[in-house]
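Consider the single chain below, provided in structure tokens and representing the form predicted alone.
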């Protein structure tokens, strides 16, 4: 669906150059809800705006449905953009027009027959659950309702790809959850591919099946969301996505392991099994259970006093039971 090869973006101001994106390589499959996350200045917004060429890439290629949009001229690019809609943090609604007219606006621009516009806008109002707000103006809507209008307007051209640039960052947690549920429903109903730019970890956990983590213009790590969150492979990524809990000095004796429970292992009494199987004492330092894409992931930090050979056997046992183990302190 979307394939990005060796993408770079350099901004020039006078004699100064700033590299916002550096050799980005990503693939987004049809039907994915793909999250791109990073701190401020990581290059997230530059990346999403390069995908539809609101920003011109400096180097690299971007294929959407097999077409390299970097090579397209004006008319061809306008045609390609019809299949890539975008929603924004600040909604970008027309304040002088009603909800209905905001949704109808892009259809009027391309001269769709009025009867079709009426049918399509009514259908989209129903999809985003704003049937009763058709004649309201943006000033009369809540933030969540405004974003629903933005989503409906983005869907008017029947795109294949929906690009979301910090679409929930201006919303409260409850409204954010409602908007994410709507996007998941749209993804399922319409088979729409969604790319989400965000700095909020909870957004990625709730909705994205795949994720790329950006830092300093580079892709630090990418893959299935549940894999990245259960055991990140990059040190910078780890500090970004994990709650960094300081272990008290008195707990730093023996072997300290971070455990991540996936594939149903969160419901296995693995600690009691280790205690019996290897005849060791296990002290639980901290733990929590969270949900990513409706899958349960357990996080546990434990302390084990044992020798190196038995520790390796325990780690092997954990891996065989779908528990990822990382030694963070050797006894």
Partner chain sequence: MANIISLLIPSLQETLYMVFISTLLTVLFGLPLGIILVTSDENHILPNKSLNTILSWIINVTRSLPFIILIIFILPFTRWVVGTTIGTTAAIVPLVIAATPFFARIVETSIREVDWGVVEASISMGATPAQIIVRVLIPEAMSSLVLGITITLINIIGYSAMAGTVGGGGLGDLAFRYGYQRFQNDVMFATIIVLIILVQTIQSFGNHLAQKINKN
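Numbering follows the first chain given and starts at 1. Fair warning: this is a prediction, and the values are worked out from it, not measured in the lab.
The same protein also exists as the form predicted in complex with its partner chain; that form is not shown, yet it is the one meant from here on.
Novice: Are 63, 112 and 190 jointly within 4.5 Å of its partner chain in the model of the complex, each by at least one heavy atom?
Specialist: Result no, not one residue of the spot touches its partner chain.
Novice: Any of the heavy atoms of residue 95 lying within 4.5 Å of its partner chain in the model of the complex?
Specialist: Heavy-atom contact with its partner chain at 4.5 Å: present for residue 95.
Novice: Answer with yes or no whether residue 148 is in contact with its partner chain in the model of the complex, where contact means some heavy atom within 4.5 Å.
Specialist: Heavy-atom contact with its partner chain at 4.5 Å: absent for residue 148.
Novice: Taking its partner chain as it sits in the model of the complex, is residue 256 in contact with it (heavy atom to heavy atom, 4.5 Å or less)?
Specialist: It does not: once its partner chain is placed as it appears in the model of the complex, residue 256 has no heavy atom within 4.5 Å of it.
Novice: Does any heavy atom of residue 144 come within 4.5 Å of a heavy atom of its partner chain in the model of the complex?
Specialist: Close contact is absent here: in the model of the complex, residue 144 is far from its partner chain, nothing within 4.5 Å, heavy atoms only.
Novice: Since the chain is shown here on its own, which stretch among 75-83, 193-201, 221-229, 172-180 would lie within 4.5 Å of its partner chain in the model of the complex, judged by heavy atoms?
Specialist: Contact criterion met by 75-83 only.
Novice: Only one of 67, 54, 280, 39 has a non-hydrogen atom within 4.5 angstroms of its partner chain in the model of the complex; which is it?
Specialist: After the contact test, the surviving option is 54.
Novice: Any residue of 106-120 with a heavy atom within 4.5 Å of its partner chain in the model of the complex counts; write them all down in order.
Specialist: Heavy-atom contacts to its partner chain in the model of the complex: 106, 108, 109.
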